[in-house]
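Below, in structure tokens: the form predicted alone, a single chain.
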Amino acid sequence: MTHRSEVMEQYVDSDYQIQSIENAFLHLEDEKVIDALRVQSTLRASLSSSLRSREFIEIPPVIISPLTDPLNHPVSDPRIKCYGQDLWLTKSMIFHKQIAVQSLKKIFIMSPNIRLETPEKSQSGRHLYEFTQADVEALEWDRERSMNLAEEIIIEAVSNVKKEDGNVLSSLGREIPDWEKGFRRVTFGDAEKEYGKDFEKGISEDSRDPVWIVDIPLHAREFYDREWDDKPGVLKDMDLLWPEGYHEALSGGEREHDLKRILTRISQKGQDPASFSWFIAAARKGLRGSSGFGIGVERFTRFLCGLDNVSKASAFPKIPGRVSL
């Protein structure tokens, strides 16, 4: 296994493209970027308002920490040496959410995430290495309640954007239908059987409404996701796919909170428990179950505006493999 710092050195030492100041300014003069940022402002306000109206408390984001999401795909983990310890830039607030919700019950964060993706991800049109998640967590909620909440706030956000920025959407050539709750659900296994390994692409392209992917296998997710008691190897997880080929909208599920199961899952993943000592200490003290999800704000904006690349949904986009303002 490649050590985090070794991976980081590969990124730093390689000769990648550096954005010119002129191009950074030209990006901000692009009418599509201006339109997208206007829509995104309405989107952020709607998501926050919807959650506040349901008594969710907004907490500040965590930017650096000795604890961050291990993820289940290759990224570089930038390390900061500080006060005699290693601190990492936050890839997601999954552990912080699970700890904070024990006291605060229902929380959300407009959370900046840093994920230094491999450079080939620059070709996807869907990846940034700095982006924002509308991150949500609720204590003693199951997956069903989280899915219902996600559908509600997404439908409300689309409605609010159409109301507030309908002229912008029209200028972009976008017509988004009025969805109803109860998005279609497909199990991970059935999706893979029908479409193969790249089923997200196929399902998204074939759909005109959002689609849930549920019951995701253990190998495809991180150790903190909760396994069904009666379906070993299958997690109480869900992803939501945007229609029209825009791929992933959100990811979430129920969280593992039992200490023994957490330690077993860390071992199964071949990870070092010392990397998660703060979370293990919280589990040893006692965690109650929770569930939640994270909505990619830039990806949501990309879908709403019909953009060919998610970089147009950011004022200062960080495209994998490029050094940008």
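Sequential numbering from 1, following the sequence displayed. All of these numbers come straight from a predicted model, not from anything done at the bench.
The protein also exists as the form predicted in complex with a small molecule; that form is not presented, and the subsequent description refers to it.
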Exactly one of Lys162, Arg143, Arg174, His127 comes within 4.5 Å of the small molecule in the predicted bound form through a heavy atom, and that residue is His127
Assert contact residue (the small molecule, in the predicted bound form, non-hydrogen atom within 4.5 Å, options Asp77, Glu227, Glu151, Glu117) equals Glu117
Using a 4.5 angstroms cut-off on non-hydrogen atoms, would Asp86 count as touching the small molecule in the predicted bound form? no
Partner proximity in the predicted bound form: Gly296 to the small molecule, non-hydrogen atom cutoff 4.5 Å
yes
- [ ] Could you confirm whether Phe131 comes within 4.5 Å of the small molecule in the predicted bound form, counting heavy atoms only?
- [x] yes
**Request:** Give a yes/no on whether Thr90 approaches the small molecule to within 4.5 Å in the predicted bound form, heavy atoms considered.
**Result:** no
Among 185 to 193, 208 to 216, 101 to 109, 245 to 253, the stretch whose residues bring a heavy atom within 4.5 Å of the small molecule in the predicted bound form is 245 to 253
